[in-house]
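Below, in structure tokens: the form predicted alone, a single chain.
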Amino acid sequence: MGIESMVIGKDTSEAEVKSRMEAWQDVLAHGGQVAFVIEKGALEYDTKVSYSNDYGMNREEIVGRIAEAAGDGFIVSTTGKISRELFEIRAARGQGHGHDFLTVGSMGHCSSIALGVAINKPSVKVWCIDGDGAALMHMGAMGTVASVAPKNMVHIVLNNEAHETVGGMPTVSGNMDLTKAAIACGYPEAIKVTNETELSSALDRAKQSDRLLFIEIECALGSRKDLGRPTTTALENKNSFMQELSKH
């Protein structure tokens, strides 16, 4: 791409960074771009930061409950740990992955992908498992989904008020009401879930619903330390998903 760059590692000194910036001044002055590529572990911070919320339900268990409720339906899951958890849940249950589309590296787009599937495959139930950070990133998609209002789509947002996959930094979802936002966007029905009883009720409602449904589920921060990653490639995932969809 013609962009001059410098890799910053654990042994890189401040003097080296300063020297490189001075050398780049002419490039920047003429409208060029430069880039620092920072290796993992290269930066340190003196203060220990701990992120948390007051929610009690475990996200991976919730994802498992959704997968069970979806049955033979199709799931589009957001990027990050939600998709990683869904993949491992399927593997642990001895199930295939053809009914799941893992939105790898496309944060904020899973609801739009789910919408496209729901429109073109009206005979199947489409379950979108979104995250609060992802939903906020492309919030305009909620307006589009609501305007089309496919009867066969369930839009679920797992809200832990954080960008957990990249460190747990808080989102602004703790200062707003996503359920009311969904109603304001035009979703015909929206449910907020705060405990196990409400979760069971909401998933039963989702299975029976014959109209677009929005469900916000409050969940705790945290995941298993041994949480793995999909063992299939993104291309393999897409192809198997399309193959299963073609049967309907």
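Note that the structure is predicted; figures quoted are calculated from it, not measured. Heads up: residue numbers just count along the shown sequence, starting at 1.
The form predicted together with a small molecule is left out here; the points below concern that form.
Participant: Heavy atom within 4.5 Å of the small molecule in the model of the complex: which of A162, I89, I113, A141 fits that? Just give me the one.
Facilitator: Only one option qualifies, and that one is A162.
Participant: Is G105 part of the interface with the small molecule in the model of the complex - any heavy atom within 4.5 Å?
Facilitator: Answer yes; at least one heavy atom of G105 falls within 4.5 Å of the small molecule in the model of the complex.
Participant: G80 versus the small molecule, in the model of the complex: is there a non-hydrogen atom within 4.5 Å?
Facilitator: The answer is yes: G80 has a heavy atom within 4.5 Å of the small molecule.
Participant: Classify A134 as contacting or not contacting the small molecule in the model of the complex by the rule of any non-hydrogen atom within 4.5 angstroms, answering yes or no.
Facilitator: A134: yes, in contact with the small molecule in the model of the complex.
Participant: Determine whether any heavy atom of V166 comes within 4.5 Å of a heavy atom of the small molecule in the model of the complex, and answer yes or no.
Facilitator: Flag for V166 set to yes.
Participant: Can you say which of 92-100, 174-182, 126-134, 141-149 gets within 4.5 Å of the small molecule in the model of the complex, counting heavy atoms only?
Facilitator: Selected range: 126-134.
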